[in-house]
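Heads up, the chain shows up twice below as structure tokens, two forms, tagged structure 1 and structure 2.
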Structure 1
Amino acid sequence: MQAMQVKHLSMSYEDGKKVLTDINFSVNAGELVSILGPSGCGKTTTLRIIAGLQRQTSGNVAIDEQSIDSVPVFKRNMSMVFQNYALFPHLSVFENVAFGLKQRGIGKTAIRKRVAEILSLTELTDLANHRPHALSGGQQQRVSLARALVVNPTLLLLDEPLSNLDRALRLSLREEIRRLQQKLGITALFVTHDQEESFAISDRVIVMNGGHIEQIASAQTVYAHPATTFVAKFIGFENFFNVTRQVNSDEYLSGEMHLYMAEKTTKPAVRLCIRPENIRFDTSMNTQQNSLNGIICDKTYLGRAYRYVVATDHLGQIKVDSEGATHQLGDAVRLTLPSDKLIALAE
């Protein structure tokens, strides 16, 4: 069941700058969907429009097929976890978490019971009487999460909730968010610019760029089959070739270079790409499928591998990651592009 739909959403700021163009997606009940995209692509704006903190220029937001555009922010029954936690400084942890329940007119004893539950779920029971300023960043973000979850929101919105934390904390809190979301069966939309984070946490990923959606798919699909050049680049593909398909064959031509690909397409012209770590240096000079000659023209140490830039005779410069340090600048090498690692972009 689709819990939340966004239809033809567009947004321009008053300065005339268009930041969202025709955004369409939905989040199913109990699902965690993440919006992934570079800084300034409109993630926060999308989230704020859904929350009712900002108004769209056109299009609408619906919950269970009912448009909620006329519902004010404080009646939407959504929760948000902010990047900067946004806890109420004058209230204790307990009171922060209880705040939303109070607004809903719930009785004192019921509030105490419900807050206690959530605090124990988020391991905050011992901190219940602390003020936010006395907590660490990670603890503050857990309080923020508890405050968002306690009201049992129709939709939980998270705007880069982990980006102010250090890496170890980011990993553990990410697990915790996922665990709680699944345990409580909450529908959630998670915004991040971190690819790994988005893949690790979500059922589906929405990749955004420049105010529009590039791809919506599961993490595995996005990783293995990026739909567009932008997505491919964003998730680590480096080498792109425009090719044309030979009539009645599985051969693709890029200039004089013949390429074979395991995946089948029917389009006459496609764009292929391949990750730098999937390209092999060949020791034997045998002519294999998809192999070509080149000269090393750059070499950088990346830590996990060396990044070689190879000037090839048919496909221009190709980036190759390899653990071996054997090749030197100016060396003539032979590369193989494994046919099962070549991806055709849908675009």
Structure 2
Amino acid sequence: MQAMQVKHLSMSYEDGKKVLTDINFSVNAGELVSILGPSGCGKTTTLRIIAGLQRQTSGNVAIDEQSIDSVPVFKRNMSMVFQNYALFPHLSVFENVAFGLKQRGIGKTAIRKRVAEILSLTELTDLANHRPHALSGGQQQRVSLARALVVNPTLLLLDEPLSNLDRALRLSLREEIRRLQQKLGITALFVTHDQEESFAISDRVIVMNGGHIEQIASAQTVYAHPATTFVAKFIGFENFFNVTRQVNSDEYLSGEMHLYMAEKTTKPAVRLCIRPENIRFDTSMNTQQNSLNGIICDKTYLGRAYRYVVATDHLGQIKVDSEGATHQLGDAVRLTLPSDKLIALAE
């Protein structure tokens, strides 16, 4: 197993428009790292540069600290799984999976053995003689994955591989990708715009925005402790309060509202944030820390809960998700923002 490093990677178009700016990260041997971000943030470009399909303006890509920038695509021993499957329509499942091995000059007996192993591992044995047009979308993506795995790649690259599938298939196939990656001990880099998908299968998550990296951390850390306002918004925080911090205190002022955080922080916070589902309706109407009055001004049914928009005097409109509350438009309510659910952001 080998590790991959990306060092000071930047890319600009001929007109000077920057696509990537000083990208730095590594993928450890046997690790699955995902690049998470919105369309156009540079995640697929990063993947294509690593694969050798595009050329960076500066910086370098290395395997075990040895630069591979001058190594052609076919010698990098990397496999890529694409969003659109990219299967050969005139070849059977067996022939599609065997293609990379044939290109490497592997003997027929060894090919048959290796392909049979991978087809069994990916539960495709019964479909070995089928052509791609006879397969469902999920089956075609399994074939694409099997073709990528059969060559024992140094690095497995997956570019939005589940985005063409319906939700049920996405859930089952992402579990399959993680199972195979861990069973085979493969080093993998997974590109997605889907937060849940990224968190479900990754050892670490790289959050990208506008061609640069906002945060690199475990899924748990990104979810609970977003590093920037962009990350917080992207992963579901919807209530943001500009604040000033009281000297030598964990008390913050937002206008006339005093807000307290349970977590001690050294961040020079300029705003606090909290998820809608972490705000409570206080039915006792008693005065509590981080509590304030408001009026329900909007209500939407989300299926798992109701989304309320509450107009408050001190913090503006606040979004609250609640499963059990049955408030109506115009109701006077009292909200509590738990101190252990408030997150401080420095930008």
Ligand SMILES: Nc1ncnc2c1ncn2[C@@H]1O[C@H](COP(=O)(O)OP(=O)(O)OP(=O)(O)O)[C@@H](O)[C@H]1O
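Since we're looking at a predicted model, the values are computed, not measured. So that the term is clear: the rigid core is the largest set of C-alpha atoms that superpose within 1.5 Å between two forms. Just so we're on the same page, residue numbers count up from 1 along structure 1's sequence.
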Number of the structure representing the form predicted together with the ligand: 1
Once the two forms are fitted on their core, CA shift of Ala325 between structure 1 and structure 2 in Å: 5.4
C-alpha positional change at Gly16 between structure 1 and structure 2 - rigid core reference, Å: 2.8
